[in-house]
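For reference, the chain that follows is the form predicted on its own, supplied as structure tokens.
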């Protein structure tokens, strides 16, 4: 392999693909980035076997070929010379020569024959959606997916297609997020896909590079998204998702409507107070026309009141303040509603009008 390429383009490409390198070092070959020079392009690939990211950049290819190089080292080294034009040359399988200006360095290559083959994605179903709508869906749901390994299905987000409506759901056993958007096109009528939240998090980072829309291509167990020559391939979670509809309560004894920003600011201050505690507990005392917000710790006590429209019973309910902040930070509407059945039953936050999203959270059990 022998080529010349722009240092900044190479550094940016490495930065994108390196996100697919596993954090846990269980398999040393997966710590590598594969470089393939062919047909006027240099293609970089990294994978942890669940998530694969490839990025293609233009290059002046003298000799086609491919090598495997340690990803972390290559990233740091190229970043330090990214202001220069870079020459890459490998005359055997053991050493990659990196040329930059008048200087050059030789880097040992990894064993390319040990690197896994990346299966092609054969399109079975495709969804197309406006890029801003896609971003909004992920921002409103991804944070509720589990990060624990105990129940792998909860580490994914459910994509449920009904006609041209796409519903995305995530839950971790303590909270549930749901958001809906209209698709531009779909050939996946009444289909369900469970996509790892980590993969969606990486895809959404590239979404701004898309022109107007994002196309999701599915085969029986994988998803492919191609955005401006950055290709993300993710394995789907193939086990059955939780029946989330059985979790969502529809009958309530109290409905509270309030200004989102006022509520967020009070919860934020309350959560600052409880950070040193064990549980981030924030108490909401719903009165006739207001919500009293209380939190205490060794540092002191927060007591605040915000105005609210209250329908139904007065009640006291407690939450993990962080869970509320996660949800409130991705909602941009002026007013939202809190729907309470009892202080021990799941509480649901919704739009005042419409059903584009909802957020369900379990209250914390407290003895008064």
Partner chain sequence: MISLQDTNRIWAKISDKLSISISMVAYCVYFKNIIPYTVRDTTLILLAPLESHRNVINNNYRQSLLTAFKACDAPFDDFMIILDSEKDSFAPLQDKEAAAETVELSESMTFIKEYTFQSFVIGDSNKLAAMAALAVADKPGSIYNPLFIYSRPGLGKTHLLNAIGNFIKDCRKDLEIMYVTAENFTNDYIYSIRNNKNADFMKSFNEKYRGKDVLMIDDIQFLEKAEKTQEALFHIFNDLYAKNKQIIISSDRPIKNLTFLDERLASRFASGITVDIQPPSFEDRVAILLHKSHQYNFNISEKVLYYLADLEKSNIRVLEGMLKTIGIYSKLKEPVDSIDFVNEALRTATTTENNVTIDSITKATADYFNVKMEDILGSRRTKDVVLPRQFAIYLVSVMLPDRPLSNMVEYFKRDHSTIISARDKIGSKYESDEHVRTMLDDIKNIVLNK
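Numbering follows the first chain given and starts at 1. Predicted, not measured: the structure shown is a model, and the values here were computed from it.
Note that the form predicted in complex with its partner chain isn't included here; everything after this is about it.
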Exercise for review: Tell me, out of 289, 276, 103, 250, which residue has a non-hydrogen atom within 4.5 angstroms of its partner chain in the predicted bound form.
Suggested key: 289
Revision key, fill the gap. Its partner chain in the predicted bound form has a heavy atom of only one listed residue within 4.5 Å, and of 68, 61, 317, 306 that residue is 306
Review point. Can residue 334 be called a contact residue for its partner chain in the predicted bound form at 4.5 Å between heavy atoms?
Key: yes
Exercise for review: May I ask you to check whether residue 172 falls inside a 4.5 Å heavy atom distance of its partner chain in the predicted bound form?
Suggested key: no
Exercise for review: May I ask you to state whether residue 257 is within 4.5 Å of its partner chain in the predicted bound form, using heavy atom distances?
Suggested key: yes
Review point. Would residue 310 count as a contact of its partner chain in the predicted bound form, using a 4.5 angstroms cut-off between non-hydrogen atoms?
Key: yes
Exercise for review: Determine which one of 319-327, 47-55, 30-38, 298-306 lies within 4.5 Å of its partner chain in the predicted bound form, judging by heavy atom distances; exactly one does.
Suggested key: 298-306
